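Taking the form predicted on its own, here's one chain by itself in structure tokens.
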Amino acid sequence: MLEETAALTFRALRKWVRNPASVMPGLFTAMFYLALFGSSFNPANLIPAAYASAASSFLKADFGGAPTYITYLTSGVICIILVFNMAFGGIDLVLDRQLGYLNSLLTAPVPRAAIYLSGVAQNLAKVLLLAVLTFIVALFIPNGLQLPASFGVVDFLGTFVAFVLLGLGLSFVFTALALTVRSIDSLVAIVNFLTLPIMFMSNAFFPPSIFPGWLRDVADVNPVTKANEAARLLIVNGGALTSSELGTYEADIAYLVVFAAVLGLIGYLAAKRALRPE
């Protein structure tokens, strides 16, 4: 099964890499989010220039100690990139079904699990590349991502552990969804309905402490919030986490592990039922 999964995954990735038009929009979207949202939504802009020191103190107090708003925003943008690209990444699978390629796979001696897992793997590989590029771009935006001196390779890897787990869980469920629907219109309609609440009912743009109570409760269980919180702890503090912050990071990672495992099981069962020859 591993051989078939790898072959199907590499086929999809080769097709993706050979089409720059499918790669560049994701990167430009990340740049627009960072530059435009980072400038227009920056709460420090509400404070007059004469009180610049107060603006810095406000950010550090209410935005997890982030020295700039884009520092706070970077992990949120990466998570949003994960959500949107995972959600729409299934379009290729719907096209494979419509063009008959998926049906030919189903009549061949290819394990059903390999078809499903290859869809999960290809989407995860695509968004992780975009996530790394987004992280790098954020470093070069004016007044952008500012990493602490203690931020090292281990912290970078720890940051991306949160992104990988979030992306894995999302890939499980959205790949299963793509294999279940029969048309691109249906997939787009469902995805549009799901992605905006996931994005805005999280801490991607602002801390949940400023949300109304009911929205704060929802944001607290949103996996995007957990991934953001874990990543931001390392982005803002580097290796200088307190014992309390380390406990929060570990709890968030544990939450994301359970999230990925549960959605993996649900996604596999749904995909297994959907993967039947027509």
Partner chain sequence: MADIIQAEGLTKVYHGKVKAVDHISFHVSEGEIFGFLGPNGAGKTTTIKMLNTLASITEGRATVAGHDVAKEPGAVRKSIGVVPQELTADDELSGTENMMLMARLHHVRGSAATAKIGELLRLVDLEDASRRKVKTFSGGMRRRLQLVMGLLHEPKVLFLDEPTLGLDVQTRSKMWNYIKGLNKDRGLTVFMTTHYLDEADSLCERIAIVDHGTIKVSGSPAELKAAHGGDVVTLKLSGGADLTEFFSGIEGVSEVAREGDVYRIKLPRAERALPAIVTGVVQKNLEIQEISFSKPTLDQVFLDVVGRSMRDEEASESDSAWENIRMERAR
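None of the values given here were measured: they were computed from a predicted structure. Numbering follows the first chain given and starts at 1.
Just so you know, the form predicted together with its partner chain exists too; it's not on screen, but the next bit is about it.
This chain appears without its partner; in the model of the complex, the one residue of Q146, S186, T180, N103 with a heavy atom within 4.5 Å of its partner chain is N103. Taking a 4.5 Å heavy atom cutoff to its partner chain in the model of the complex, the contact residue among V161, L128, V110, I141 is V110.
When its partner chain is considered in the model of the complex, F10 lines it closely, a heavy atom lying within 4.5 Å.
Interface membership of A274, defined by any non-hydrogen atom within 4.5 Å of its partner chain in the model of the complex, is ruled out. Contact check for N192: no non-hydrogen atom falls within 4.5 Å of its partner chain in the model of the complex. Interface membership of S150, defined by any non-hydrogen atom within 4.5 Å of its partner chain in the model of the complex, is ruled out. Exactly one of the stretches 110 to 118, 163 to 171, 85 to 93, 68 to 76 approaches its partner chain in the model of the complex with heavy atoms within 4.5 Å, and it is 110 to 118.
Shown here without its partner chain, the chain has E3, E4, A6, A7, L8, F10, R11, R14, K15, R18 in 1 to 18 lying with a heavy atom within 4.5 Å of that partner in the model of the complex.
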